[in-house]
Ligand code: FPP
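As a starting point, one isolated chain is supplied in structure tokens, in the form predicted on its own.
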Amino acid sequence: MAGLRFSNQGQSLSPLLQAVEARLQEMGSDQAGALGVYAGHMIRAGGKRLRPLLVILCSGIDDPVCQPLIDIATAAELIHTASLIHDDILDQAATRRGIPTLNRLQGNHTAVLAGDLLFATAFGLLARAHCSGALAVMTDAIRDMCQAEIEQKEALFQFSVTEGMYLSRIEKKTASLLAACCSAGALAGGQAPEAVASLAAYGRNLGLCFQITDDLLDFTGDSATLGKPSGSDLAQGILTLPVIYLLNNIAFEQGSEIAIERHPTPNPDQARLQEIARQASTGGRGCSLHDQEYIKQAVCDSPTLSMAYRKALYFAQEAAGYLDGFAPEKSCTALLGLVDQVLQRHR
């Protein structure tokens, strides 16, 4: 389910989505100069197209030739793709979406410039759309994404990372762009200010849910399904929610919200985990492959995966709640369907 395309939501939206896809493929063609040769590598690899779909759904527009909306939706995907190219450089990733990364094929220098080219192209489309609000929210999202990358780098192999720190980071890293897509679409569609705010909150909570389920797949998925090596987060020193729950030896109580508290009695793994944490944070040593496998197995043998999924479910319910009263009904139904699909990715 990790490779699920979200663009099957709402058949009447297919002309707009097809227009966005056609624009993306045109940009990724050999006739598009440097953009097509290099940046087009990731465009042609496909993707879920979740972000342009959110722009379209939140606009409430069903005009298949609404050029400003197509421009904004296309820009949203280009921003996302550019961020992935830059992420792959920072992570020294070899594969993405089941194909070699641009940095692996062409080197970091070319990959950086390709990502920059995509950002520039996206901003050109946003400027052409003549929707200053959309340009502003997308710019803010990019700033948040950059801040999250800095915070993530500073927290590598820092086993003192808390749930709150993790949630703050993924809100900037993933949720901010989904919220911006919802806001941009709503602004382009002339939605009322309260509707814009509600849809942005929907997107933010959907993004939190999305990233948590994505982090779960790092433990439960396989490389073929993920399109990249499984366990890559832990190997890089990125501590996600299941590991944080395990390291903090927490207990979880049933309720309408998830309550987290430290368990008073250390479990049998605690001493080993503390030693791994001490060694990993000493001199930038990181974790050995053996230690990584130990942590992964400890996570899979504990209730932390189900605990993290319950956290994702909480954000999914929050997202759905912000759609109350949103019109048109067709778009609302599709947005609710996206929440279900995000949750299903883990199963």
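Since we're looking at a predicted model, the values are computed, not measured. Numbers follow the displayed sequence, beginning with 1.
If you look for the form predicted in complex with the ligand, you will not find it shown, but the lines that follow are about it.
None of the heavy atoms of L156 is located within 4.5 Å of the ligand in the predicted complex. Taking non-hydrogen atoms only, I142 approaches the ligand to within 4.5 angstroms in the predicted complex. Using a 4.5 Å cutoff between non-hydrogen atoms, N248 does not count as a contact of the ligand in the predicted complex. With a 4.5 Å cutoff on heavy atoms, D91 counts as touching the ligand in the predicted complex. Residues of just one listed stretch (169-177, 190-198, 68-76, 102-110) have heavy atoms within 4.5 Å of the ligand in the predicted complex: 169-177.
For the marked spot (F219, A235 and R272), a heavy atom within 4.5 Å of the ligand in the predicted complex is absent from each of the three residues. The partner is not shown here, but in the predicted complex the stretch 99-136 reaches within 4.5 angstroms of the ligand through a heavy atom at F119 alone.
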